[in-house]
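To begin, one chain is listed below as structure tokens, in the form predicted alone.
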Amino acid sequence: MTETSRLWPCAIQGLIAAGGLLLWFVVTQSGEVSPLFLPAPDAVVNAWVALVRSDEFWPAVGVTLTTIAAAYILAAVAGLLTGWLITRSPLLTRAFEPLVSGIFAIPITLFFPLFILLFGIGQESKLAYGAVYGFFPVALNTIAGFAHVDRRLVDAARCMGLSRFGLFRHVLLPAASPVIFTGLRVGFFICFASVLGGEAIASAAGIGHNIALSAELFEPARMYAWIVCVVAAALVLTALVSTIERRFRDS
């Protein structure tokens, strides 16, 4: 891939971001939209600067990022292990893959009050909620990845005398890894969104809690400042996950 082809996507993304900011500025300056619903960009910037300098910013960020990380680790480990164990038997694959898919089709948000009932309004309920929600795409993609490896490759590896570990390391894992990485990436984004959503619905701390609190107190500039933090964190974490995935695929 040439340097020019790498820069084009960044240039397009930059133009979209600049266009969005310009549209935001024009709309707020026209007076057609109340500042209560959409404050001016400079008001949001000032609120963001004041927020970063306050004593509540970094503790809230720490709580949210810690919860997301813990939820994702639980979801990834449980999803990978479950998917791998299910694909050890064609019978288990045929029995459990439709079951896991059917459960994932149910909006887990409907059960969020149950998480609150079991774990309270602290971060434990958001951790459990994010881990359960993120588990399903990881498990489903792991099942899909391992279950659909070309059997001719497996048979050829066995004929050459590969051990079980060698078969896993040199045949199954490389063939299934693209699908598995997709599940890990989707699971991460689901964990990120579900933890923040759970904090906004019912929580005593975290970024989502502060967004909901700012809305309840009619502080739109402060609310958008917190949202800017979420967008920035999402962009950074997305770039980090993509970099890790690319390095694993290239190794």
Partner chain sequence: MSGPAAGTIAELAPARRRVAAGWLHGSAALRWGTLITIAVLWEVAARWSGNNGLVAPPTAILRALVTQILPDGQIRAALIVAVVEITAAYAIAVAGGFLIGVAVGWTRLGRNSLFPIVLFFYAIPQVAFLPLFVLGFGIGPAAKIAFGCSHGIFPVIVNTIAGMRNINPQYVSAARCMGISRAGIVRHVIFPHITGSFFAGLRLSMTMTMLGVILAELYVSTAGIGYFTRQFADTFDPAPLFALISVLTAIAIAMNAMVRLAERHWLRWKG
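Here the structure is a predicted model, which means the values were calculated and not measured. Numbering follows the first chain given and starts at 1.
Although not depicted, the form predicted together with its partner chain is the subject of the following passage.
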With its partner chain left out here, work out from 200-208, 22-30, 58-66, 43-51 which stretch has heavy atoms within 4.5 Å of it in the predicted bound form.
200-208
How about Arg94 - does it come within 4.5 Å of its partner chain in the predicted bound form, if we only consider non-hydrogen atoms?
yes
Would Leu240 sit within 4.5 Å of its partner chain in the predicted bound form, counting heavy atoms only?
no
Can you tell me whether Phe112 touches its partner chain? I mean in the predicted bound form, with a 4.5 angstroms heavy atom cut-off.
yes
Indicate whether its partner chain has at least one heavy atom within 4.5 Å of a heavy atom of Asn141 in the predicted bound form.
yes
Within 4.5 Å of its partner chain in the predicted bound form, which residues of 20-46 have a heavy atom? Give them in sequence order, or say none.
Leu36, Phe37
